[in-house]
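A single chain, nothing else alongside it, follows as structure tokens in the form predicted on its own.
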């Protein structure tokens, strides 16, 4: 059995001559939280709609839960989604909203509905109408609706957009709990990159409808790792001094030395270099966050 729950091959969606998605080929591991990174209008929602069978691809194909598009009869029952605004009946309680959708799946098991309410943190809302919920509560109810039918894959399009910090934290913890407790694979998009960095195990960077790069959390950490940037008058002599200090992870980039695994030793490094007769023009700690990484990527593109 494949380790991937979703694989796309050159998936494309065109509206006339405009390519909203252009030959996207990506893979999502089972049990991953896959962060689809991109600014507004990059093509994230279009991609998710195709995966959820809410929009038909112009060309390309994809495999979902072991089935290949368009033959997705079983796969469609294994995917839940919250794309754009959740479809909520404002005059009904959270329980009744879930019950109404559960009936479409041929069941209205009270225990299962109550379990979903517990999972999304709405167990104590009672008969309160969804129309009076906060935005964060409505988003959590939307996730609860997506959980009807016990899906294996959850697709969430900008679920934290417009939320206050408390709402953002609630959604984040709900997603983490679904992933860890139920082993659910999550595809989540957002332009709030700092939040994706707190959740995702894998990333796909998308811009202007194209997939720019795909990498794991560890690869991203390696690419964004903190380092000490050192600007001296004699780089070769400086490397000798550094190695005598036991610092061996040294790279020479654009006329500067980059040192890793020595973030707390800058004072010691400076003193040793000066004693060695080396002039230190600059020594600084440097790193890169997810947003800067993305901006650098699209800048290169």
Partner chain sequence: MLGNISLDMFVMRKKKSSYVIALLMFGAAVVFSLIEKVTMSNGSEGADGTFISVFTSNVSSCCLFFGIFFVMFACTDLKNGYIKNVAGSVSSRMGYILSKETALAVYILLALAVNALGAVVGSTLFLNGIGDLDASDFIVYIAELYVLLLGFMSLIVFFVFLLRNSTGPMIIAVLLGTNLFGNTFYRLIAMLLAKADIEFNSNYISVSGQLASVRPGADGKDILVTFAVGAAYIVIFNFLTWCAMEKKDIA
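Because the structure is predicted, anything quoted here is derived from the model rather than measured. Numbering follows the first chain given and starts at 1.
If you look for the form predicted in complex with its partner chain, you will not find it shown, but the lines that follow are about it.
Screening 193 to 201, 88 to 96, 161 to 169, 207 to 215 for residues having heavy atoms within 4.5 Å of its partner chain in the model of the complex returns a single hit, 88 to 96. For the residues 110, 177, 229, 103, the 4.5 Å heavy atom test against its partner chain in the model of the complex is passed only by 103. Proximity to its partner chain in the model of the complex, defined as a heavy atom within 4.5 Å, holds among 130, 120, 145, 186 only for 145. When contacts are judged by a 4.5 Å heavy atom cut-off, residue 49 counts as touching its partner chain in the model of the complex.
For residue 27, no non-hydrogen atom is located within 4.5 Å of its partner chain in the model of the complex, even though that partner is not displayed. When contacts are judged by a 4.5 Å heavy atom cut-off, residue 83 counts as touching its partner chain in the model of the complex.
At a distance threshold of 4.5 angstroms between non-hydrogen atoms, residue 53 is in contact with its partner chain in the model of the complex.
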